[in-house]
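Below you'll find only one chain, the form predicted on its own, shown as structure tokens.
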Amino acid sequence: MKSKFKKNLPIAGTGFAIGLVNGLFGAGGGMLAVPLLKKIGLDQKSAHKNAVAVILPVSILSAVIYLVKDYVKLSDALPFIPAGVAGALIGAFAIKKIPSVWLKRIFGGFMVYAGVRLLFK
């Protein structure tokens, strides 16, 4: 029983960290999810694919809370949804064709870009 707890603790901790960051910063939990999922043993592509699967219910829950608490107006988000859906479709199909090494580099580049923007804006 104790070994099962030890095995599941990193998984639960990873899920908690992803949910916390997502709730605080919006879907930023996905940026955290990929490195954490890799750390617990998933390969690059599996980490990206599973990050999306983890973020979906977490993002839906965060969005519902934001809407119910009047933290955000749906009318402000609606203009972004069609292009976001199109981008998600293209990304989901493209990930199969992108070599893992390039996926890692592209992801790293986005993380560096986002970090620099946050520091200087």
Partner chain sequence: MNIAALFAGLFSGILGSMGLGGGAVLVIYLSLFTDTKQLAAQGTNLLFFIPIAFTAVIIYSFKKQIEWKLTVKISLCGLVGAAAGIGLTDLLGGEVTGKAFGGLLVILGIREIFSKNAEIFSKNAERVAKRRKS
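Take the two forms, superpose them, and find the largest set of C-alpha atoms that agree within 1.5 Å; that set is the rigid core. Computed from a predicted model, the values in this text were never measured in an experiment. Positions refer to the first chain, counted from 1.
There is another form of this protein, the form predicted in complex with the partner chain, and it is not shown here; the text below is about that form.
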Query raised in the report: Taking the shortest heavy atom distance, is Ala83 within 4.5 Å of the partner chain in the model of the complex?
Result: yes
Report task. May I ask you to check whether Asn8 falls inside a 4.5 Å heavy atom distance of the partner chain in the model of the complex? Result -> yes
Query raised in the report: Counting only non-hydrogen atoms and a 4.5 angstroms cut-off, does Ile90 reach the partner chain in the model of the complex?
Result: yes
Query raised in the report: Is there any non-hydrogen atom of Leu74 lying within 4.5 Å of the partner chain in the model of the complex?
Result: yes
**Report entry** Partner contacts in the model of the complex for 59 to 75 (non-hydrogen atom within 4.5 angstroms of the partner chain)
**Finding:** Ser59, Ile60, Leu61, Ser62, Ala63, Ile65, Tyr66, Leu67, Lys69, Tyr71, Val72, Lys73, Leu74
Query raised in the report: Is there a C-alpha shift of 2 Å or more at Phe16 between this form and the one not shown once the rigid core is superposed?
Result: no
